[in-house]
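Just the one chain here, the form predicted alone, laid out as structure tokens.
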Amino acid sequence: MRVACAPGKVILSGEHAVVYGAPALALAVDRHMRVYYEPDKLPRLSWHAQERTHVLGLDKFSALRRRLDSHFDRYLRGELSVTQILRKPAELAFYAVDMARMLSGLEHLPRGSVRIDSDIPIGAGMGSSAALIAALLTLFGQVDDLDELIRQVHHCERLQHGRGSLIDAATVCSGGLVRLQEGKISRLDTESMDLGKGWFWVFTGTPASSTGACVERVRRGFEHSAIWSEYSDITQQIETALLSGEPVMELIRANHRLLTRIGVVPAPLVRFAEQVEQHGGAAKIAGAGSVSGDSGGLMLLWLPEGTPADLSLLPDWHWGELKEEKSGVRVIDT
């Protein structure tokens, strides 16, 4: 049995803004996607996830890839919405397996059984899709160049997120603290960086709107707005503060207000951020957020005293400490 492992990620600053040339910072975190592969001789690949099994014959992979590429082209032309590209999530996994074969110049697709074991919340903005794709490309392909691997993860991920940035792909592939601006990826030296106590993430539930839908809504309202220069300044200040050990509370609060202005922070999360500030801390969404419903995926919290358990969390919310994962996607021994 072979196993590939990829970390989750949390965007510290720059979500949405990165699409418009502003920098974004993301941190790989100690939540992981593990993909297990057990070969056999049957002419199919079976995929086991969330108590369901999906099976695709080896002779069907090429047709699936062509159909999804065609759907994405139709999405770019405005003929399909981003949510109409994939019929079911398992198609993304099968697509990534076929891309691994093509990129590596392999003649045959893998036969056997694949299953996942993940503690990355789905739909939370923690990079579960990118982590899955990175693990599959690493498990079934032979991409030795990190930059090329990042590009190919992003290429596959476009089927789910539409016109997204490279930030998820770059972080889950590289590990550590990653900066992205206008397609240029930098892995920042965090040897001397100590987040210390007080950093948490809170999952507020799967957003009603997808990342792609959020990106499109923001594009329609703010594509040519000057707000992105404000984002750029805040992100640069957060980067400097993190690497030098300076306070970031006011910067996180300012970032939250920018996200609220572009309409991706549901009302319950706005109220929760106010509660956190009343406790002397700061909170912001750490992902695409949502443009409908009451859930917004992941929130990043800094609390100088106590933990999120001391706050008024909704019953279905859960939280954890924010801890850096320095390693990116890799094959591990079993």
Ligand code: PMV
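Throughout, we count residues from 1 along the sequence that is shown. Every value quoted in this text rests on a predicted model; they were computed, and no experiment measured them.
Omitted from view is the form predicted together with this ligand, to which the following refers.
Note on the interface: of 166 to 174, 241 to 249, 96 to 104, 220 to 228, the segment with non-hydrogen atoms within 4.5 angstroms of this ligand in the model of the complex is 166 to 174.
In the model of the complex, this ligand lies within 4.5 Å of some heavy atom of residue 288. Contact annotation: residue 138 falls outside 4.5 Å of this ligand in the model of the complex, judged by heavy atom distances. Taking the partner from elsewhere, residue 211 is found to have a heavy atom lying within 4.5 Å of this ligand in the model of the complex. Heavy atoms of residue 82 never reach within 4.5 Å of this ligand in the model of the complex, leaving it off the interface. Site annotation in the model of the complex: the residue of 149, 114, 120, 215 reaching within 4.5 Å of this ligand with a heavy atom is 215. Heavy atoms closer than or equal to 4.5 Å to this ligand in the model of the complex belong, across 1 to 33, to the residues 9, 11, 15, 16, 18, 19, ordered by sequence position.
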